[in-house]
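Next come structure tokens for two forms of one protein chain, structure 1 first, structure 2 second.
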Structure 1
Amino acid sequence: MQRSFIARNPSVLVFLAALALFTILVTILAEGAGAGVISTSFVKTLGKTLCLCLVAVAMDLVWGYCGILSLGHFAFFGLGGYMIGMWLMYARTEEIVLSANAGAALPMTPQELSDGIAAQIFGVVGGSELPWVWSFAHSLPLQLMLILLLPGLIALVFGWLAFRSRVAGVYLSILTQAMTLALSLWLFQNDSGLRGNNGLSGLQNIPGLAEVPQATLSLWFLWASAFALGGFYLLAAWVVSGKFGSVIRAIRDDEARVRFLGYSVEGYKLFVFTLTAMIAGIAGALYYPQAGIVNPAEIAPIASIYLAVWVAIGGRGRLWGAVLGAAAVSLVSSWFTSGQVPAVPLGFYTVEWTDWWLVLLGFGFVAVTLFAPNGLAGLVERIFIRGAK
């Protein structure tokens, strides 16, 4: 008798239960629920961390299971943020323009309204017209579709060109990094239509919810982030648990042999690459309204390298390990860069952790690589699972 998916993967149920318990505890203790034990800013930090865990799951699926070291997946994360950010800025600016002209003798024409919105958004970069890339910014449903479609389409086209040419290994990693760099450099230009280096700001102000305090909105986004992480973790676990998962692991271990067995290696890789790009886009769309701003620096190649480091530290090839690595590095990074960690005076030099955090992260990555090749997840398994036997 064939066992159920959960029976074959009990760790999935444990993860979902832990995620639900975490979300409930944060909600009870949050400022928005009245307890005030956890501040609104820290609730936002936790919500953003859940989004980073989600993109880490996507990275582990494409790298840890399929063997594609993509150094461009954070670009898809940033694109998701830009897509939702465009609607947030447009709708919020529309409210401001209409409110400012509420006392006028005649109502604004659609063209006057469009011109007023464009002047408000693009005045900072010397523009006065809405660029073509904002054609659907007025429509929330269309922008939500673009959160999935744009990263998915870019990944599909890029992956089809790369995989059909049988580009693999370090060469593929360089190509994904080049794609990310090209996108970042384009976004830095003022004529990109996305405000250049200024990016999209004020994203924490949700249109139509001006009366809802940030303490409450932060909880709503925390719940949405937790729901997305739980749902896509379940999807990723289902994908890697059956025959499909066995094939992509075989591609990771010996691509040539899988091709000789008659499997469409390119088709499997393209599916995983495209699916994980769409998951990354959703994670970004949930992250940046909590961050309040998205700019081209978020899409720079270094961000995707950090993502690979998180997965490596957590333990690639284990979905919950990717979550553990992303959560650990994100929270520790927030602590060290917050200015709350006391400086270390050495007499001849004072160590300021805001400046030295990345060095510490680098040492941590090297240490994990040398002494714990399976990452933090491997250490947890060694301590708890083997210790219980």
Structure 2
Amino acid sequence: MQRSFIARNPSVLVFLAALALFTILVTILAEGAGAGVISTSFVKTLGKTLCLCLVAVAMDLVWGYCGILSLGHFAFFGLGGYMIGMWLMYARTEEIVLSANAGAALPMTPQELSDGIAAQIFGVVGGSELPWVWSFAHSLPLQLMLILLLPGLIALVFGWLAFRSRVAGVYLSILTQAMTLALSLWLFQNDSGLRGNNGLSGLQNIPGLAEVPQATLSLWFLWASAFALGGFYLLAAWVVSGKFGSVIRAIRDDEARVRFLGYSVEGYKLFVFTLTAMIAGIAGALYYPQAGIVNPAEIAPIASIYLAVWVAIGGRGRLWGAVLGAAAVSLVSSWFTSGQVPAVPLGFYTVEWTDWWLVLLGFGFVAVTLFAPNGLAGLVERIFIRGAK
């Protein structure tokens, strides 16, 4: 008999404990519920970072474990944001339109209400009718389902087509990148029905919770993000620890051999690709209400490559490595680009980090790829685990 899953994977327990500790600590120090040491905007940054860690876990599952370098998972992340954003924007605008009509002589008909909402939302792109893609926007449960279903369905169809015709390796990467580009270009146009390059905005205002201060809301989202990260980390760890993990790692290392063992490689890849796309969608749905705005630029292919960069820097094939990479790179990144890092005067030239951070990141990334193929996690393991032996 097998020992229990947690017993075989003590690192999962360590991670969950650390996550819980972190969340509680932030709550205690936050403006909304405690000491007020941490500002609301920084709580939001931390909450967003947790969501990025979650999508990095998904990326690690699909790339680090299954060997599919998808350059499309950030697109699924963005789609999740769009799906929740539609409801947030619709419901919030509905409140505004209803309150504007409160003084009118007659109550509104459903048609008048929907026209009023459409005029508010689509005024910027010159529209006045709700496009068909907004058919479910009035219903939170339906949009919540779409957060899972839309990325899942796109991944399923795309993956089925790609894996069936044995597109693999760098070709698959290029193909997923093309898919991402197509999606972002489609969203960029005004008549896609999603407000073109304006994207969806005002997402930090949660309908029905107007009187709850942002400081408190930010904590709710921090907790939600932490729960999602913890839950899916557990799921991912469970998936990779058993025989399934053994099969997908085998697929990563030698796909043809696995096929001759009688496993239908396509089915496994499709399963992982779709599952991780759905996880990415959930991460996005939690991220964008904290960011407040989602627009097509977020979905551009470069974002998905950054995601791969985080995972590679953190360390592929280790879930906590992906989390480490995403958290470290995104936090350091926002620190450097915030302008808080002191400039380095060289006499003839002053290095402003807002200008030079990307140069540093780019070359740093090359260095990691060359000298630490297992990323930060590999370094940590070499120091601690080898040291312990």
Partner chain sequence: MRILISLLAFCAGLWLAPAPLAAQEGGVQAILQQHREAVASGSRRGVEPAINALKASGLDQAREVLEVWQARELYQRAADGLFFFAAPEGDGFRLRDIDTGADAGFAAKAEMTQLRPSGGVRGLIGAALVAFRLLDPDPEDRRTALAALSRSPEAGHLEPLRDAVAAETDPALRRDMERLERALTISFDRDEAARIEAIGFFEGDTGLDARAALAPLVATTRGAAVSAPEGANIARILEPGDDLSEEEAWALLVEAGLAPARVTKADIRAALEANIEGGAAGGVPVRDLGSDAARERAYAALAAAGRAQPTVTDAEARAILDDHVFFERYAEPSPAITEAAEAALASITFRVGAMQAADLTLDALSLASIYFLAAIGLAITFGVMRVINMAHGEFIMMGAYTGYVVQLFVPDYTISILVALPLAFAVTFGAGVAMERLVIRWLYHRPLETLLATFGISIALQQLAKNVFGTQARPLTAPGWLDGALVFNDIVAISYIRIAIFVMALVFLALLVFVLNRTRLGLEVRAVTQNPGMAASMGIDPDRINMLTFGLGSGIAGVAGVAIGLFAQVTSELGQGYIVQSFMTVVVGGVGNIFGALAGATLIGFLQKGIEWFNPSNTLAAQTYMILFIILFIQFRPKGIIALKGRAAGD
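Values in this document were obtained by computation on a predicted structure and should not be read as measured data. Take the two forms, superpose them, and find the largest set of C-alpha atoms that agree within 1.5 Å; that set is the rigid core. Each residue is numbered by where it sits in the sequence of structure 1, with counting from 1.
Remark: the form predicted alone is the source of structure 1; structure 2 originates elsewhere.
Fitting the two forms on the rigid core leaves the C-alpha of residue 331 displaced by under 2 angstroms between structure 1 and structure 2.
Shown in the overlay between structure 1 and structure 2, fitted on the rigid core, is a CA shift at residue 37 smaller than 2 Å. Once the rigid core is used as the reference frame, the Cα position of residue 346 differs between structure 1 and structure 2 by 2 Å or more.
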